[in-house]
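Below sits a lone chain in structure tokens, taken as the form predicted alone.
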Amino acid sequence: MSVCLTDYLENSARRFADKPALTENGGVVCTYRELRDAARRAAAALARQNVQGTVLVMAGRSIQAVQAILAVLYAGAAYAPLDPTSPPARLRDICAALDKPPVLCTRQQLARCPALTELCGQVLVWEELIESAPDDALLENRRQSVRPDQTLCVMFTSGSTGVPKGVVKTHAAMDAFETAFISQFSLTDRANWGNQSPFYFDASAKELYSVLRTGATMHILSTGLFSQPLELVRTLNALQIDTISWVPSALCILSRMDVFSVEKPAFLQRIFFVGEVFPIEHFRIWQAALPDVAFTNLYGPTETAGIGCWYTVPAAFSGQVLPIGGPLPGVTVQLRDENGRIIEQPDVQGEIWLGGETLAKEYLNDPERTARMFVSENGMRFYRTGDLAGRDGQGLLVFRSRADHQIKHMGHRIELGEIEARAGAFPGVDRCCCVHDTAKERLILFYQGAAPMKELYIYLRRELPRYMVPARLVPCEMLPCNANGKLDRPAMTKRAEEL
């Protein structure tokens, strides 16, 4: 078993030296040899400057971002990827959490954000590092010093208090996940991945390390393509992309615009979707257009190295909600009640607990939250996800809602996700978000799509108990998403307060 994840690149560079590891916007190509050499040159410079701990990496969607991440790992340090367009307040919070970390950025990024000089302990400029001479002996010493439980990366996610929380992941956890993931889905060097997730987004790590370990190729797709659906499909075909792992909101861009009636992704063989619920109406459009493609629903919070559960959807699937299925090999999945007792009954909902070697190490600088959410029991460590699920008639897990989306309304306990699931099954509802307006004690459903409001309301009255029927339906041209492509619920809550 590999201890340091740079071994992935070393092995692939030996096997596939001149093969493209990465391409950017379908043009710029970086081979495995070039990726290895660039990362090692920059790493030697970092090691000479005795860079340690966690390095903040301004990780735009580029080949250079991947090179920078790998350079930090080769130097024996950990990385915390950050969106270069992050607002100043978020940047300040993250730098404070990391205690004025070194920052690795380009000259252009530094010019756009001069505050980095003040907020970070050391500014490392990529264009200077990449010109450095290699030092194999120095880097080998750094590699030998990396322990399995050493921090690989710190991923910052939105916190309930408004302050980003850092999730600390280790080399061993990521390696355990990749071993199971690659084996489960028979991933090989022949895959052509089409990258959609930014490298500061947690989901991108599973894709990146799968590519590096197998010797596959990753095509970094331009963000602009996702506002040009037909051009996006044509790019997938031009690059012969056969594997994608996208958030459902990105997939819905194509199904919403009826692109498949003009051109279909001809080379796709495997579609992973992750991060949020895939609206069933849009899923059916994709499956009807590409009946021979394997569609797999992945489930896993940031507090794991990758995913905990998966479900490959059969062609004959006729349900209204896609299950998240069963556990990845090596992962233990349990449903627990409010008192932490294991739920055995098939028709009882509970909180998902994940256990195994792929869990994150801790929350950065937050031992209280770590102790509350990561618990040990009978020799196994579990993470309490806060996600509520039940089991269907086949014993498959079906995500229901977030525990923190559970509300009290008119004396009843209500899960907003249940209302959204019902509304999302109505023809013409592409996406929806139910909000509890506590000031006026009412439920408001925002929805995106062509569904007639009156007919949707009649449907919801028929499908839901009276106390769960939204008092107001608000059609929207587009529901807002956050930087990770997920529904921006705080923005919707604010909008509800303004109605």
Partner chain sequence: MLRDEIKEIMEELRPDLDMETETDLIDRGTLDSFDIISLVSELNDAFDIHISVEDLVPENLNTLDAMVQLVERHQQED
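Superpose the two forms; the largest set of C-alphas matching within 1.5 Å is the rigid core. Owing to the predicted nature of the structure, the values given are computational and were not obtained by experimental measurement. Numbering follows the first chain given and starts at 1.
The following text describes the form predicted together with its partner chain, which does not appear among the structures shown.
Colleague: Taking heavy atoms and a 4.5 Å cut-off, does Val259 contact its partner chain in the model of the complex?
Modeller: The answer is yes: Val259 has a heavy atom within 4.5 Å of its partner chain.
Colleague: Does Ser249 reach its partner chain in the model of the complex, with heavy atoms at most 4.5 Å apart?
Modeller: Answer yes; at least one heavy atom of Ser249 falls within 4.5 Å of its partner chain in the model of the complex.
Colleague: Find out whether any non-hydrogen atom of Arg48 is located within 4.5 angstroms of its partner chain in the model of the complex, and reply yes or no.
Modeller: No, no contact at 4.5 Å.
Colleague: Looking at the partner-bound form in the model of the complex, is Pro229 within 4.5 Å of its partner chain by any heavy atom?
Modeller: Yes.
Colleague: From the candidate stretches 468-476, 38-46, 426-434, 64-72, select the single one in contact with its partner chain in the model of the complex, where contact means a heavy atom within 4.5 Å.
Modeller: Stretch 468-476 is the one.
Colleague: Could you tell me which one of Val313, Val398, Ile253, Val277 places a heavy atom within 4.5 Å of its partner chain in the model of the complex?
Modeller: Of the listed residues, the single hit is Ile253.
Colleague: How about Val28 - superposed on the rigid core, does its CA move between this form and the one not shown by 2 Å or more?
Modeller: No; Val28 is a residue whose C-alpha shifts by less than 2 Å between this form and the one not shown when the cores are overlaid.
Colleague: Closer or farther apart in the model of the complex, the C-alpha atoms of Val321 and Leu473, for a change of 3 Å or more?
Modeller: More distant in the model of the complex, by 3 Å or more.
Colleague: What direction does the Phe278-Asp437 Cα distance move in the model of the complex compared with the shown chain, closer or farther, given a change of 3 Å or more?
Modeller: Result: closer.
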